[in-house]
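In what follows, one protein chain appears twice in different forms, each by itself as structure tokens: structure 1 and structure 2.
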Structure 1
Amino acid sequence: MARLILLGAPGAGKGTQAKALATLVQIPHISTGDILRAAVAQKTPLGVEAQSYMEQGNLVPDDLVIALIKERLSQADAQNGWILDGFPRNESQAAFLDKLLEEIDQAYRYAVNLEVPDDVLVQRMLGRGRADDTEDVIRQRLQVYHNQTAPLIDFYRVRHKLVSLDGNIPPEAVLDKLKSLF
């Protein structure tokens, strides 16, 4: 069963790669960022709550994203595998995910860390022009990444699940390496 967690800083290419891989392997690409942005656009209760955190480059509270991911992983199309993009993003989300997957008897193969230097990340995000891709918010998101998300590299390393890939090469080359993990 193909289950993959994509780690990496904002701008590392998780979304691009997850989308391409999901199409190739025919399993869902589950992006908490995409789900949250859709909720914001539709002004659902989740979106209304999440919006200010996202605009400031901070993490949306754990209880909200945990409920969201629990619901998404229970859906029918997620029973044959998935690619997770943007979750988990801190240690408590990672601990929750491990526990949930054990309960529902699903195991992931790898957590893949896409490595890209900070200066390249900033250039990529500035070029992308999403609502939260302004210079101040980018700086905040990178800080949140280094403080809260980067420690997950060790979380998965000690569980022998970590694969590190150079994300600073052309997207097709990254995709080739990811394909070889299936």
Structure 2
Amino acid sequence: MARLILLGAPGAGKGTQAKALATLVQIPHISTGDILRAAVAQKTPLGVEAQSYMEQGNLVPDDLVIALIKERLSQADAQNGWILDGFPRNESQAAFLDKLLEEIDQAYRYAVNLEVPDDVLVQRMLGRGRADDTEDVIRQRLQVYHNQTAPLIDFYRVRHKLVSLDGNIPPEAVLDKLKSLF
């Protein structure tokens, strides 16, 4: 069973790597953002509830995100493995996720942290050309990420589940390193 949790700052390449790896090993790339958007679009009961938070500009509560993830992980295509991208974002969510995965008997192999220096991340995100990607906004997002994620890295390290990879190398080289984890 191939199950990985991908961690990394915005712009580290999590989504790019998750999509490429998922295609290669033929397991689903599960992005919490995609799950939320799909549930809202399909007007599922959980999606309708999530939409009410999103429309008010609020974060979707952890228990609702966990319920959406549980629903997604119960689908047939996720039984042979998955790559989780965008969740957990903090230690509390990681503890929720560990409990859920134990309940549904889907242990993950590793939490993989893609490490990229902040200055490189800023340049990558500025290069995307998005209107909301100003340097100040990007640096603020990175500060929030570092504040929330430092405990999360330790969470997985003490459980001997953390693998850190250099994300500041060519994407093909990162993918090769990820493949070696299976």
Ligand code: ADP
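Basically, rigid core = biggest C-alpha set you can superpose within 1.5 Å across the two forms. Note that the structure is predicted; figures quoted are calculated from it, not measured. Each residue is numbered by where it sits in the sequence of structure 1, with counting from 1.
Note: the form predicted in complex with this ligand is the first of the two, structure 1. Relative to the superposed core, Ala39 shifts its CA atom by 2 Å or more between structures 1 and 2. With a cut-off of 2 Å and the rigid core superposed, Glu135 has a Cα displacement that reaches or exceeds the cut-off between structures 1 and 2. Relative to the superposed rigid core, Ile153 undergoes a CA displacement smaller than 2 Å between structures 1 and 2. The rigid core superposition between structures 1 and 2 gives a CA shift for Glu49 of 7.6 Å. The Cα position of Pro61 changes by 3.2 Å between structures 1 and 2 once both are aligned on the rigid core.
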